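So this first bit is one chain, no partners, the form predicted on its own, shown in structure tokens.
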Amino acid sequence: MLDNKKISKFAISVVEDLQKNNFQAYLVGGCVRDALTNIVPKDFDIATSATPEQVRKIFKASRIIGKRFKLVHVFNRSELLEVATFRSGDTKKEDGENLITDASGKILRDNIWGTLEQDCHRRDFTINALYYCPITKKIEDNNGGLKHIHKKIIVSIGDPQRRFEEDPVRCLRAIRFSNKLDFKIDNDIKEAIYDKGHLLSDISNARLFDEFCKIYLGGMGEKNFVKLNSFNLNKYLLLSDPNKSDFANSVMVQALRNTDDRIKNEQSTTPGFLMAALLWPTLLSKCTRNGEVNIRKFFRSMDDVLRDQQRLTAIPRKFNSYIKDIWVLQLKLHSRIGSQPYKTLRHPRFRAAYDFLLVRERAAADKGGLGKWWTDFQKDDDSLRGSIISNMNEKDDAESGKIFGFYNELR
């Protein structure tokens, strides 16, 4: 039995209001699964027999969204809940505009309403098909989800080969849930990932950006990265290929480890920083020849790299300048002559660029490099900063100036 103290009071009130209007209503999916596995639930989704239009009439603070999967957002001042109508999941049924699939079987639109029993069979994995009524405190389980939670295994509802054709993103979700819950992946699902993973190339870049954030910014980024790489799926989310070189793999792993640590320490994270770090190997590969970086190509290649990544995941425009600032500052961090360090320190993106410098140094196993210099320079002591700069001999200055031509320094 679940403890309602783990459940949002607002979510419970929405379920209660729907039931008072003579509709079935349950908390469903991740919030139930997480509560049962001792993870604090964050997102509370509700499944109901009410149609979107009926839900909209009950809750004034709500709006109907979506065409592919029509549902309702119900909100108050601090929370937003997704309320979805039970769907039939009957892909054989012909219903013109409400159920559309493409030639490969991928569901393009699914708005055929059904019963709770039908709805639970159209969900992806058994552990996500648990329906909890916070009023009666009973769980509806028609697919053995409770048993699979006990066994700690991810099992598909129905044939995973067909289910992954319907929605290839389930390949990514299986891996993410496996790492998040520390569950094993059923062998049939593993085979389906290998067989159907290529269909991810047909998924919209907007949806894949959403998956990118869930996979790499949820505190399990490094583990997800490693497992996705074992299934050869990173290429559908990232332009950089971790298998291209030890350098590329090391930088990407260190960037993800840094992000995971920040999440664990309850520090802020942003897709912009992570994207800048993960795309760095690709940027360098485009402007490096014979171990030397061509600065003109460096600047020209930035937009090319972002445009190519955009084809995979829809990076919001607000992050483009952020990412490019971090890249350019990697060059400026190597210039420590005269007043340049003070100008660099005042740059609004300095802190993010400095953090990435430390990531680069850890990836290169560089313990006595530039990072320590900038760490000391940031100390709030003007006389100390002046001493640091004056103690740099001419040879060091000359070498730091060469950074605009040498690849190894940027690694």
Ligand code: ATP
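Residue indices: 1-based, along the sequence shown. These figures come from a predicted structure and were not determined experimentally.
Beyond the structure shown, there is the form predicted together with this ligand, which is absent from this document and is the topic of what follows.
State yes or no: in the predicted complex, is some non-hydrogen atom of Gly29 no more than 4.5 angstroms from a non-hydrogen atom of this ligand?
Judged by the heavy-atom cut-off of 4.5 Å, Gly29 is in contact with this ligand in the predicted complex.
Can you tell me whether Asp43 touches this ligand? I mean in the predicted complex, with a 4.5 angstroms heavy atom cut-off.
Yes, contact at 4.5 Å.
Check whether Arg207 has any heavy atom within 4.5 Å of a heavy atom of this ligand in the predicted complex, and answer yes or no.
Although this ligand is absent here, Arg207 would touch it in the predicted complex, with heavy atoms inside 4.5 Å.
Does the 4.5 Å heavy atom contact test between Arg360 and this ligand in the predicted complex come out positive?
Heavy-atom contact with this ligand at 4.5 Å: absent for Arg360.
Contact segment among 352-360, 57-65, 29-37, 370-378, judged by heavy atoms lying within 4.5 Å of this ligand in the predicted complex
This holds for exactly one stretch, 29-37.
When you measure heavy atoms, are Asn128, Arg173 and Lys180 every one within 4.5 angstroms of this ligand in the predicted complex?
All three within 4.5 Å in the predicted complex.
Name the residue from Arg336, Lys196, Arg87, Arg123 that puts a heavy atom within 4.5 Å of this ligand in the predicted complex.
The residue in contact is Arg123.
The unique member of His148, Lys214, Lys324, Arg262 whose heavy atoms fall within 4.5 Å of this ligand in the predicted complex:
None of the others qualify; the residue that does is Lys214.
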